[in-house]
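Quick heads-up: it's one chain on its own, the form predicted on its own, in structure tokens.
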Amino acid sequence: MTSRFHWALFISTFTLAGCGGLFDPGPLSYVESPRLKTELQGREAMQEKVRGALARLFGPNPREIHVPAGAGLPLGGARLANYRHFEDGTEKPQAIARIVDPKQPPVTQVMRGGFALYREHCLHCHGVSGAGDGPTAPFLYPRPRDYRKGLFKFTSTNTGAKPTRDDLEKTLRYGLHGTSMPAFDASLSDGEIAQVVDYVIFLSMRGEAELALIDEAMTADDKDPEALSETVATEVAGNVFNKWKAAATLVMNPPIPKPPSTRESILRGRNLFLGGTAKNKVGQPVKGDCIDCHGPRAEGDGNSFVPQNVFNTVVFGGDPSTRNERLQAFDEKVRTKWKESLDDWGEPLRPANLNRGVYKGGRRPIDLYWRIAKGINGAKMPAHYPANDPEMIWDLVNFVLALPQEPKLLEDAVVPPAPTAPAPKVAATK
């Protein structure tokens, strides 16, 4: 219900039998989480219960979408579909909603739907299930996001919370700078971006529900006929839906506005960046820890991560499928540090070189405030609030924004001995 209009949905189910032509990639099927077979090894009956629960809740495949009750998607999930299959075998573009204005004749909107748009623009990187396993994914760094964990890096919400729709729309609209995620602001309309967001959320809900159902199955009794019953599966999925519904209430708005970028503020931020100590409002000393990852010159070469030569050799030194073989050429100490610096998706991380002024999550002051205050979900970037007062975080923001324009800000920074790793041994060739 809006101030002038109300939405009269006249569709209730979405059976997507394919649209044919340009956007028909052939049969599609979801990719199962590898945990299904590893965690439930030898328990085939329980594996089937997980598969059955997912099919009931979300549909058996991407062409037969079910929108679970309580999912909270706008318009009841109507914008997911692109074609409606009728009993006589015909297919027509999906009529999504009729906008009724008492003063005007009813207007029917026809949309392509998130399913069709995702296939055209997103599937080649993010894959059918949103697992980040599309055909181009192995050749990209950073690797495309795997939505199935329900975890997103760049959000405006509290640490660990789901992103808001605005967060996801921002990523789609402007892309992620310094990555292969493009900006769609010029190629998709506002309505199309909203449709893709619906589908990304749908895939994320499905993936997270799959993992939660596997967790439930791991503790269930195989002989219990009520194990993973429809009621239990609905409750498990409902817990996932509730987290998404709560996202809009968990935005971390700064309690004070950004202060002017004065010299004093920039230098206070510099002091914190270099590991200096400052007292917060309650008198507790707070020590900055930025150089551990970003390095004393903010070049992304801190001691918490493997040396740059190791990273370049492993990530960019050859066929992506043989990355692990290249890692094995280094000693155990290097390999251990490598494993410690992987993100929650198992992918290698590299701290940003802040001198370049390229920020994946956006370059607005508020974007940088969120990154520093709440960290980056799934990465090694920790939250610095509430230990750091908002004023201290804004000082860091002012320093980070000033650095690309004033590289001499860190010219006299004390540089500790940087670890280096010997080049990997290369087998002799005849």
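The first residue of the sequence shown is number 1, and the count goes up from there. None of the values given here were measured: they were computed from a predicted structure.
One more form of this protein should be noted, the form predicted together with a small molecule, which is absent from this view; the next part is about it.
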**Asked** Any idea which of 59 to 67, 41 to 49, 28 to 36, 368 to 376 reaches within 4.5 Å of the small molecule in the predicted bound form, heavy atoms considered?
**Response** 368 to 376
**Prompt:** Applying a 4.5 Å heavy atom distance criterion, does Asp289 contact the small molecule in the predicted bound form?
**Reply:** yes
**Message:** Is it the case that Met181, even though its partner is missing from this view, gets within 4.5 Å of the small molecule in the predicted bound form, heavy atoms only?
**Reply:** yes
**Item:** Close approach of Phe152 to the small molecule in the predicted bound form, 4.5 Å, heavy atom
**Value:** yes
**Message:** in the predicted bound form, is there a heavy atom of the small molecule that lies within 4.5 Å of any heavy atom of Tyr359, even though the partner is absent here?
**Reply:** yes
**Request:** Go through Leu73, Ala237, Val200, Ala247 and name the one with a heavy atom inside 4.5 Å of the small molecule in the predicted bound form.
**Result:** Val200
**Message:** Can you pick out, from Ala352, Val334, Ala329, Val232, the residue that has a heavy atom within 4.5 Å of the small molecule in the predicted bound form?
**Reply:** Ala352
**Request:** Tell me whether Val128, Ile214 and Lys243, taken together, all sit within 4.5 Å of the small molecule in the predicted bound form, counting heavy atoms only.
**Result:** no
